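Below, in structure tokens: the form predicted alone, a single chain.
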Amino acid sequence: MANLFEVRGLKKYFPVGTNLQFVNLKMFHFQMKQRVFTKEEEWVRAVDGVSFKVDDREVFGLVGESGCGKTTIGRLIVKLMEPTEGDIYLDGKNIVKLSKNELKDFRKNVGMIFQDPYDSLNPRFTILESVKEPLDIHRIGEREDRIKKVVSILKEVGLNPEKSFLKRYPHELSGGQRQRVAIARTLIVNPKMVIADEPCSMLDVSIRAETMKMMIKLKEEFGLSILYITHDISEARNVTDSMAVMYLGKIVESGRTDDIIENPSHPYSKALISVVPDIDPDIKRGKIELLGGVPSSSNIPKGCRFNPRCPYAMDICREKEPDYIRVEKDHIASCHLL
């Protein structure tokens, strides 16, 4: 399969104010030392050198705990914020610096499904107005054609009878129905790629399973590539073809989803998988207890950033950041144990 989408060396740093520090300053007139304040800026390294590829019609997952940088990557891709460094390619074209006209075409080709469907829908718009709005913005079809397309896409995402939803408002729908409307709104302009940011995390378990099945079905019907962002590695296993495990702004392991589930190589991946009781009942794994909590992104540990929590950490882990090691074809991990 051809690469539809690629991220290279992506970074996003956020300033978080200043530190006041004392320094010694020699006063030449008085030949004495005086303490004065200087300002040193701190940065949150939310995304810190991430690279990955998404093939045509592939579902690629970004998995990790809250705060690891997954959502920031999604927002960088759809250009809701600009990267500090790095390149983002769609169909071989670098989208980091697009003109105003190019940006409009780009937004038609890359859509985003947000975690909270209620926040992503205008409460004053009817479902018809919300789903039709992208067609209005991109001037696709005449008014009657747009309404027909809205009815058709509502049926595709499982809102039946579809016409009964047209005049309703978001607050009149359940959480699952609102998420289906949000998905319909994204798909109505036939994008090449969709960023799905925790699309099931706010749904009940039964509705979550239906939504995941629907995402897979729509991927096949619309020929989509999907970047699927989730903190739930069992959810990623059910939906994705390939995935990358993220920790503190970096990818620590990536490869085909089945390869990572069956043969996790990084201690963090092993820990995530070990706490899911039914992820693979044929493989018996003991639960791996991690030490402490996630460090601050503004104070990244020296060496391997996972070393303060890793039960297998060695001296080298505290001094040197590990390189990526090829575990199998298309399966890499960043760990000194390898």
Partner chain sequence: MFKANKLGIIGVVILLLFLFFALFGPIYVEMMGNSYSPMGGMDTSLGINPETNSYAWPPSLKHPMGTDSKGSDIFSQFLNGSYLAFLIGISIALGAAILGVIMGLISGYWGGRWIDSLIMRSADALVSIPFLPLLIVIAAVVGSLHLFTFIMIMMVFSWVGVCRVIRAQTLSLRTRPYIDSARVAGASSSRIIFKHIAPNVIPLGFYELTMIVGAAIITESGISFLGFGDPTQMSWGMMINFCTAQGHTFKAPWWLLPPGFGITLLSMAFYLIGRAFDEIVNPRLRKME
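Note that this is a predicted model, so its numbers are computed, not measured. Numbering follows the first chain given and starts at 1.
Not on display, but discussed next: the form predicted in complex with the partner chain.
None of Val78, Val151, Leu187, Met214 but one reaches within 4.5 angstroms of the partner chain in the predicted bound form through a heavy atom, and that residue is Val78.
The partner is absent here; in the predicted bound form, the one residue of Glu172, Asp136, Asp204, Glu262 having a heavy atom within 4.5 Å of the partner chain is Asp136. If you check the partner chain in the predicted bound form, you find a heavy atom from every one of Met112, Asp119 and Asn122 within 4.5 Å.
Of the candidate stretches 127-135, 264-272, 244-252, 86-94, only 127-135 has residues with heavy atoms within 4.5 Å of the partner chain in the predicted bound form. Proximity of Lys167 to the partner chain in the predicted bound form: non-hydrogen atoms within 4.5 Å are absent; the residue sits far from the partner. The shortest heavy atom separation between Arg143 and the partner chain in the predicted bound form exceeds 4.5 Å.
With a 4.5 Å cutoff on heavy atoms, Lys104 counts as touching the partner chain in the predicted bound form.
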